[in-house]
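There is one chain below, alone, in structure tokens, taken in the form predicted alone.
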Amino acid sequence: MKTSVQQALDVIQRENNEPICAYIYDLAGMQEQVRGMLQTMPWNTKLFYAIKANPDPRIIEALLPLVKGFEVASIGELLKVRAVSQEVPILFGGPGKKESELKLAIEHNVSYIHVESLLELRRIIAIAKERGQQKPEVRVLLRINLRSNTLPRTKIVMGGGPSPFGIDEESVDEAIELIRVEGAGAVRLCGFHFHSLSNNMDARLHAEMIELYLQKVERWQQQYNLQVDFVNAGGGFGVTYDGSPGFDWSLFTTLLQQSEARNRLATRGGELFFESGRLLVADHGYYATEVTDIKRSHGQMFVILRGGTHHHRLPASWGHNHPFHIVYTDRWEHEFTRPEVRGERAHIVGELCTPKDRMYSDAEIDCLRVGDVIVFEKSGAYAWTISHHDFLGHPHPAFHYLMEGDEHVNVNATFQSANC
């Protein structure tokens, strides 16, 4: 059946007489974007999907034929991937891996474990030795926290200073020695992992950061006589929510093509990994929620939604106004006046009993009525799964998926052409 975001809202309304509250994921749009990204990447670079951005099984299924594999940060995430595919490559990260998780990760045949500390490395070595010599070596990448103040600065920084993430650069030699002496025959060092920041918008600085990573690895190769098969440069590719330019993937991959350090890695047979989450899915998710009340309080207008931050926590956690469009409806079955706001500013808030449940402050509203639907765009990443779903016990939203082969429409144009 041909569908669209607008048609999906119609289906949701027919299936449930309650006010609309739903996530709509454009799986075809995600696939199209990833195909475009892959076309510009140098031949020795590989793209993984970091499912922490959105671990919905349907998204994993949609990206499975396209990406090299998946990056997970827990056993729960790992099992979600393995429920979709038993063979796809998996990178297993996270700063607080328990011994039971490490054992399960090895049993479920993860491709590489990102080692975050010397203690974690010792645990992996012990587990690998317990498995016996008949088992294949456990393959690891050392996650390194560089001592550098040249990294781009974003709201979320995981490296270049004090951090729970990774092994300090000063301890690289100790980690390598541990593998060579205690882990011989049980653990194999395949390369290095870096992930220094999140949501970076500057493609040129990001490329310079990758160059720094590769130069560091080259020095360690020479210093410790290493064979480095893989360098995982992490993710951190940014998405904007205020209409400003986001991450320029085309410029980034052009600079990668020109990178001498990447070319040297390729000449030695090495591959460069990226584990992107937000950039792959953010633009292809929509959170649609119906207006249930509009009222004035102390001179200010408030638009109250069926949903809120318990479904979509990103605007509250990041402190931003989340972009939206309005879908106008004719549903109004009452004889009394339909509340509305016209030509003024209003705060768009959720249904929770807390003033922190706010999606947008001082939104400029041309026309909005109770029963209309607000669709928050860029809701494909870090929205549903980071939220406190069960606070106050409100029903969860519905989930709808737009598949490849469905009729595609210009979502923005559809919303903008609606009338109030």
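All values derive from a computational prediction rather than experimental measurement. Just count from 1 along the sequence shown to find any residue number.
Although it is not shown, the form predicted together with a small molecule is what the next lines describe.
Answer range among 214-222, 174-182, 74-82, 235-243 for contact with the small molecule, defined in the predicted bound form as heavy atoms within 4.5 Å: Looking at the other structure, the answer is 235-243.
Of 143, 322, 97, 310, the one that lies within 4.5 Å of the small molecule in the predicted bound form (heavy atoms): Checking each option against the small molecule in the predicted bound form, the one that comes within 4.5 Å is 143.
Contact residue in the predicted bound form, from 166, 315, 277, 191 (heavy atom within 4.5 Å of the small molecule): After the contact test, the surviving option is 277.
Exercise: residue 195 in contact with the small molecule in the predicted bound form, heavy atom 4.5 Å: Flag for residue 195 set to yes.
Partner contact for residue 199 in the predicted bound form: the small molecule, 4.5 angstroms, heavy atom: Residue 199: contacts the small molecule in the predicted bound form.
Touches the small molecule in the predicted bound form: residue 382 (any heavy atom, 4.5 Å): Residue 382: contacts the small molecule in the predicted bound form.
4.5 Å heavy atom contact, residue 373 and the small molecule in the predicted bound form: No, residue 373 sits far enough from the small molecule in the predicted bound form that none of its heavy atoms falls within 4.5 Å.
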